[in-house]
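What follows is a single chain, given as structure tokens, in the form predicted alone.
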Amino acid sequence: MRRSIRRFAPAELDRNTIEQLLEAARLAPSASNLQTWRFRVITAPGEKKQLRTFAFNQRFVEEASAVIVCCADLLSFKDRLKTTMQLITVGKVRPNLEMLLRMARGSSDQELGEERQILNAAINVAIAVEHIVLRATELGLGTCWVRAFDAAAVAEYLSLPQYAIPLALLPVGYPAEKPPPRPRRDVNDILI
């Protein structure tokens, strides 16, 4: 069972392991198959130390073997209509009337509204990150989602492109703890 890990053993991750984590993200589903995620893997001690400061001094950010900076790529939406048409052409998507009208008008995704684009991008990134988290668990690694951080400072420090918005930091490494399960609601409590 997956747990949030906040204490990591001092061990490096090999390149193959990191590639397996990124491959899990790459295979994640996304709205219109846009794959709006982008990642930066940080393993250098000095860079992890700096990320710790941007994450309000959460010690485990620096102590993890790697920190994956998980970003939404807002430029991904510029190719949405082309991507959708390709999916329709190869029979992977059955078009609905809204899709056909939007393609006939040559509508841009700006008409979808920036808020909707950002929300879709964030959901896509969350799905991809959770794929990383689950693969990490299969490999005997620990992770912990970090949303408490200064995204603007991280973007500036890493010289990320303007369109890449950091949404989460994902420290990953070999666990140095085995926390007990946290209480969860009964399955009947999550049904509506």
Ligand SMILES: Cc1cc2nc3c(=O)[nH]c(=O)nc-3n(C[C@H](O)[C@H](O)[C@H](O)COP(=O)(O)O)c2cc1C
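The first residue of the shown sequence is 1; numbering continues from there. Please read these numbers as outputs of a predicted model, since none were measured by experiment.
We do not show the form predicted in complex with this ligand, though everything after this point is about it.
Using a 4.5 angstroms threshold between heavy atoms, Cys144 counts as touching this ligand in the model of the complex. This ligand in the model of the complex comes within 4.5 Å of no heavy atom belonging to Gln35. Residue contact with this ligand in the model of the complex: Lys178 places no heavy atom within 4.5 Å of it. Residue contact with this ligand in the model of the complex: Arg6 places a heavy atom within 4.5 Å of it.
Of the listed positions (Ala152, Ala148, Ala44, Leu134), a single one reaches within 4.5 angstroms of this ligand by any non-hydrogen atom in the model of the complex, namely Ala148. Checking 36-44, 155-163, 23-31, 53-61 against this ligand in the model of the complex, the stretch whose residues place heavy atoms within 4.5 Å of it is 53-61. In the model of the complex, the residues of 165-184 lying within 4.5 Å of this ligand by at least one heavy atom are, in order, Arg182, Arg184.
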